[in-house]
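Next up: just one chain, as structure tokens, the form predicted on its own.
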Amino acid sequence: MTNHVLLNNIEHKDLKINLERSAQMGDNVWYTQTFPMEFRSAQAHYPILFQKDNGTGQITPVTLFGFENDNNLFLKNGKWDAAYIPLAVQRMPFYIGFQESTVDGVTEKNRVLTLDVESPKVNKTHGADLFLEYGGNSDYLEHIANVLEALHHGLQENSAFIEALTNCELLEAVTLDIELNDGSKNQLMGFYTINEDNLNSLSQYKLAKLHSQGYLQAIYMVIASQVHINDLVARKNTQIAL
């Protein structure tokens, strides 16, 4: 259960955030959303795929951390076993909320910082302070605010990116056949990747347009990131052997 509340330095002045990365702290996710401006950092460690929301039909790029629910292969001894943690994970347990305000009869929605106070990361004894002694934001909270700002704008960019891929027929469903050292075989379904044949067949005009939009580099980063599927298999084999 979650309980998102508007963060403030009066009610929450004594709160801390446990910075441990573990299943107990709610980090046992097997994928999370990402966006083109994050691809350069993410593709160095994780496969980047695309997932469609069955309810809305919206397609979103995601970074993959494992092959099944509640099995994040990057959690190790209370830490995240990679040099870069995607922003959608870094921000936990903070979220962007919206609050209405009316000025001169005009109502606007403003972004605000909210906290899931039911998260196991939230406590009063261990971890990073949210506020300074006299109420100012801690360096940690300033970092989180920057993370949320980058995440907000990045995820907004996804719609145009996915539209460009769709217009060029560059997305295709993918099934990953995974065989582990214990002999078990699994199929990972429900994701999409870049259709390289269609990419290689694009006209110079379409390639130039993708490049001018900043998407061509992002596309190649998605393709390059696929090598990390083998890394995930190796991590899974190590987990099984323990």
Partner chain sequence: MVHMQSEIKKIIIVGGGSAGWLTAGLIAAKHIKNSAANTLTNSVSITVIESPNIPTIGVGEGTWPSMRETLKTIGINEADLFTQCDASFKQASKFVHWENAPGTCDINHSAASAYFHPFSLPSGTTKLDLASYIGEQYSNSSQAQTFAQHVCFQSVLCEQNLAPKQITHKAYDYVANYGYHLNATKFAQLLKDHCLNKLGVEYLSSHITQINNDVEGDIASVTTDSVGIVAGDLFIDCSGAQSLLLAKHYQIPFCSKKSVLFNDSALAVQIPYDDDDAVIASSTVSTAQTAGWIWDIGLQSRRGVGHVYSSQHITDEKAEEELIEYIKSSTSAKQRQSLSIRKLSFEPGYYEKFWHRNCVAVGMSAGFIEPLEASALAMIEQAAKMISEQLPANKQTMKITAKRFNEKFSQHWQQIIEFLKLHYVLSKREDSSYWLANKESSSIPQSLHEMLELWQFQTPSSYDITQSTPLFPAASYQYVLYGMNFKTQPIRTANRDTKAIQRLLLDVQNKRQHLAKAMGSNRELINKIKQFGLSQI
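Everything quoted here is computed from the prediction, not taken from an experiment. Positions refer to the first chain, counted from 1.
One more form of this protein, predicted together with its partner chain, exists but is not displayed; see below.
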Which of 33 to 41, 55 to 63, 175 to 183, 209 to 217 sits within 4.5 Å of its partner chain in the predicted complex, heavy atom basis: 55 to 63
Its partner chain contact at residue 171 in the predicted complex, heavy atom, 4.5 Å: yes
In the predicted complex, residue 67 touching its partner chain (heavy atom, 4.5 Å): no
Heavy atom within 4.5 Å of its partner chain in the predicted complex - qualifying residues of 183 to 206: 192
